[in-house]
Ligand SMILES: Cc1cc2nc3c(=O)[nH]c(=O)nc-3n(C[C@H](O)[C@H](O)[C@H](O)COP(=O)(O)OP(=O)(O)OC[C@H]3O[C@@H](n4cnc5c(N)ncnc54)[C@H](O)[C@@H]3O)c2cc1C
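Just the one chain here, laid out as structure tokens, in the form predicted alone.
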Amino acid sequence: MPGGPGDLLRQVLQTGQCVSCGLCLDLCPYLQAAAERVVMIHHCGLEEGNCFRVCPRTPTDWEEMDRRVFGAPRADHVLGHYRQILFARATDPVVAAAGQYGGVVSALIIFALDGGKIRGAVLTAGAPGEMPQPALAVSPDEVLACAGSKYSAAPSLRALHEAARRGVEPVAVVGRPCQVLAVRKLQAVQGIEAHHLAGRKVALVVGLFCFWALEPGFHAFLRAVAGKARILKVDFSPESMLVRTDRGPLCKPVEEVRGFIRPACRECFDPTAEFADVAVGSTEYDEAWNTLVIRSKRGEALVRAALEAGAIEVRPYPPERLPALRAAVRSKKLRALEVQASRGESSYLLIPAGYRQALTGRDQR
């Protein structure tokens, strides 16, 4: 669906739908970042533009994206395409300790760097309590410096343009589900420099489970919670936020944080990065492991090679845990559809009727 900067402004930026993925930044000089927000600083007269084409919150045909990325419509309307779901963790204790849980993302990126599969990775940098920033990591140490969840909406895809300027290729992209969708939309653009950039330079897309990201004010809140203590790591459960500091752990009810959830996240239809090569999240069960969803042939080949090299280890996903994962994802999708319906506006989600019916009907899996 065609559109330009004016449409992006009206449909996304002015309606609170921007997810701050960062991909439109540096595509247009009139779009700039300000505290994890994208703003248009000057009117652009173009009727059509790449900023609109690649935005994850402009109309997206879900069925067409399934065909483009995986070659077929999905059979699973809750979890999307996947080849295998596993528990996984890094075997290197340093890598595992640096990560949020099992350190699988860092382990896979470092393995791909060391093996020459990529020359850099688009990541998100920043210590807990600080405003995260885009980062282009080209060494294992730089990867580890970015490890850990940020629970924020840093415009980290801006680093993809940095990779192009520096001639770093191929690269891996690690991002939230909305950022994964943005990269796939970029790869779908035909006949422009952006397509050339994505098609040649992005060799791997690693998605992160994300049910919501928090507004910039969360960082100040977090610092206030910690006081003079240095924040080491932040984690969430359904009931609470745990802040690990150099003076001991601190706990806050998750209700005190909900006010920081970005409005756009309430309409997100994809909490598990359905268009990634591999998607990684917590297990909600064992803090020493990650949930690893292998989605594409490329992702499967990477995981197999990392296993053979001993960079990661896996174990079967507990069958009794799968219904809980499916229920959480399905509930998030249904809430997103309800929010869209309540707004009475056309959705950025062009979900085919068959997909909707399968999702809203009884889940037999």
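Treat the numbers as computed from the prediction; the structure is a model and nothing was measured. When you see a residue number, it is the position in the sequence shown, counting from 1.
This next part talks about the form predicted in complex with the ligand, which is not shown.
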| query | finding |
| --- | --- |
| Stretch from 252 to 260, 158 to 166, 76 to 84, 99 to 107 whose residues place a heavy atom within 4.5 Å of the ligand in the predicted bound form | 99 to 107 |
| Of 222, 147, 294, 118, the one that lies within 4.5 Å of the ligand in the predicted bound form (heavy atoms) | 147 |
| Contact residue in the predicted bound form, chosen from 183, 280, 243, 268 - any heavy atom within 4.5 Å of the ligand | 280 |
| Contact test in the predicted bound form: residue 285 vs the ligand, heavy atoms, 4.5 Å | no |
| Contact flag, residue 151 vs the ligand in the predicted bound form, heavy atom cut 4.5 Å | yes |
| The ligand contact in the predicted bound form: residue 174, any heavy atom under 4.5 Å | yes |
| The ligand contact at residue 273 in the predicted bound form, heavy atom, 4.5 Å | no |
| Within 113 to 141, the residues that have a heavy atom no more than 4.5 Å from the ligand in the predicted bound form | 123, 124 |
